[in-house]
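In the form predicted on its own, a lone chain appears below as structure tokens.
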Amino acid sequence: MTNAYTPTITAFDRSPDGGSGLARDTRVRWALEEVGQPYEVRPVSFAALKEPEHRARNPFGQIPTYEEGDLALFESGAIVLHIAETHAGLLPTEAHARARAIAWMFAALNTVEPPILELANAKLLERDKPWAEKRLPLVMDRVRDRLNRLPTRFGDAHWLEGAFSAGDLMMVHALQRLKPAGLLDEYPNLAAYVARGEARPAFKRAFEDQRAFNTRERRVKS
């Protein structure tokens, strides 16, 4: 099933990640690609994030946002969950498996991603602080504490709940932020998990679209 309206999402007109796929609009693009839903992208400058027009979409002045007819959503997790619940393919049909897949979405956002973002901030925004050298190992240990609990989840499985789900989409995108730091190299099965996500055709399309958007080779999805 596809929506009667073509959704519009917002994205940075020039993303801080330079089109490397780490900005949160990528996970929304990926979800839309997985379910085969066409969409359009509205570029937003950093200055425009604080303007009333965008604040009406997201009161915190962030991206992405999602508009579909008279529905407006913010927060990438809420947007991906909406896409997964209104299209087939991103959530299991069996009730308990579906609930577990949604739980993994929340785990990715609330448990795994926060220390990863803290590490990114420590390496990029706080590296010139006098306490940065002592703090960085502590932050890395917090990330490792989360990662140490993930590998045993897989066993011989490729995905968290049997088939690929929105839980995997959110988890893979959160873990991708660790690649520049080299932490994923310490966890070969998690590195392989991320690689499986990146090998999905829908991810490749989303990644290329985000990169093209940031190099001004923009196009409307169809």
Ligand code: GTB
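Residue numbers here begin at 1 and follow the sequence given. All values reported here derive from a predicted model rather than from experimental measurement.
The protein also exists as the form predicted in complex with S-(P-nitrobenzyl)glutathione; that form is not presented, and the subsequent description refers to it.
Should the three residues P38, H82 and P201 be counted as contacting S-(P-nitrobenzyl)glutathione in the predicted bound form, with contact defined as a heavy atom within 4.5 Å for each? So, no: the whole triplet misses S-(P-nitrobenzyl)glutathione.
Using heavy atoms and a 4.5 Å limit, would one call L49 a contact residue for S-(P-nitrobenzyl)glutathione in the predicted bound form? L49: yes, in contact with S-(P-nitrobenzyl)glutathione in the predicted bound form.
Given that the partner is absent here, does A23 sit within 4.5 Å of S-(P-nitrobenzyl)glutathione in the predicted bound form, heavy atoms only? Yes - in the predicted bound form, heavy atoms of A23 and S-(P-nitrobenzyl)glutathione come within 4.5 Å of each other.
At 4.5 Å between heavy atoms, is Q62 in contact with S-(P-nitrobenzyl)glutathione in the predicted bound form? Contact check for Q62: yes, within 4.5 Å of S-(P-nitrobenzyl)glutathione in the predicted bound form.
Does S-(P-nitrobenzyl)glutathione come within 4.5 Å of any heavy atom of R177 in the predicted bound form? Within the cut-off, so yes.
Heavy atoms, 4.5 Å, S-(P-nitrobenzyl)glutathione in the predicted bound form: which of 69 to 77, 141 to 149, 100 to 108, 86 to 94 makes the cut? Say which one. This holds for exactly one stretch, 69 to 77.
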